[in-house]
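First come two forms of one protein chain, each written alone as structure tokens, so that there is a structure 1 and a structure 2.
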Structure 1
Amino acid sequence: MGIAERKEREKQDIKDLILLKAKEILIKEGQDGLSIRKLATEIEYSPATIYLYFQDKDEILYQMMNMGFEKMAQSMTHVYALEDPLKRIYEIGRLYIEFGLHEWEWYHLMFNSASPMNHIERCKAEWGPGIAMYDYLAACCQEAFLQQGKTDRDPKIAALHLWSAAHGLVTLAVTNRFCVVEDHAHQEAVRNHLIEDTLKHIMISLFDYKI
């Protein structure tokens, strides 16, 4: 039965086409600019057709979130090769913040938006890539603590610390809340200084590690 297989392929092709165009719209116009109807006209199908390939918009945004995690992982490929777990942790933090600031539309889906999480909840599924990222960071922390002989510290709590510090920085910056800094001329400089400073603080505070 080659027909069933060809149909399966064709089905996947259209799914891919939808996600490809969704990606283009997301990059150009953000999550708010990504509507089912715009997506439909873009791929030259009717809006109803999209619902033959995805349950709802949340599922599409869920898939986009997964693409975002792949994108982030790609930007971190060189990290995995680093021997020193402390340098690995620092680089993860630095690249995480970098990614959040420069690829906000992806970051927003991954760590801020409710839609992809709604899909996960509805499907009673797990937040796979998020857990994987967290587990890797926690593993790095454990390795660092082990190497330093700090047996009393919890690597999972340490990972959450690092993560939420970076996340807070990214989200406040992107949603324009750092406008509180009165020195408008040097606002950009303050932000960059804060990025470095946050990482330094965290590294010292968690690992007594001076950069």
Structure 2
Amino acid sequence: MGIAERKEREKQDIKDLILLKAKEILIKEGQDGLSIRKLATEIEYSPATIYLYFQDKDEILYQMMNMGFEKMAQSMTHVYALEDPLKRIYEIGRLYIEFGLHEWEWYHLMFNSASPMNHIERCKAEWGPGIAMYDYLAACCQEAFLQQGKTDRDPKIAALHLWSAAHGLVTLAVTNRFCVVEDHAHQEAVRNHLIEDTLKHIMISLFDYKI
């Protein structure tokens, strides 16, 4: 390994270390607990060093948002092997909600936080992994509609319908709002049953498909 390659490797190692520590802080303390100064203390470098790799906290959270999408995508790898597009769509919805419920700090960063979006707007960056997941869902919807002969349906609108519904279910569950429609919704089993029934109803509404 030459000098230039070694220096580049060292730079990447430091960048990876910053993101690793940022992830640990995010999971333990949430976004409010994450700061450049705290990161610098954790990795035993000066704040100036962190600014050599990231413009600000927003960019760090943007990079972490992409890590979150990769983490979510990994939880869905078996979906691609399903031949039936309708089963794929249902599994994507189910696993999306499961990720939101069990990985809330990641989910909140990916879908609710303004910080990554601030970086995207300022730096003309891309929401690459998130768009890729949405495009795949839309492609599954298109395949399902063609399979059913419903050529007048818009697959992107169907994907948006599914995404907004799943996002709403995650948010209602995490904020304990299901008690409005079900007295014992604070119990995990009741909550999960309510989510499952709602997701199944969405599949019937959009695709006339009963799980």
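Numbers follow structure 1, counted from its first residue as 1. Rigid core (definition): largest C-alpha set, two forms, superposition within 1.5 Å. As the structure is a prediction and not an experimental result, all values here were calculated from the model.
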*Given that just one of these two is the form predicted in complex with a further copy of the same chain, which number is it?*
1
*Would you say I14 moves between structure 1 and structure 2, meaning its CA shifts by 2 Å or more once the core is fitted?*
no
*Per-residue C-alpha deviation between structure 1 and structure 2 [V190; rigid core superposition; Å]*: 3.8
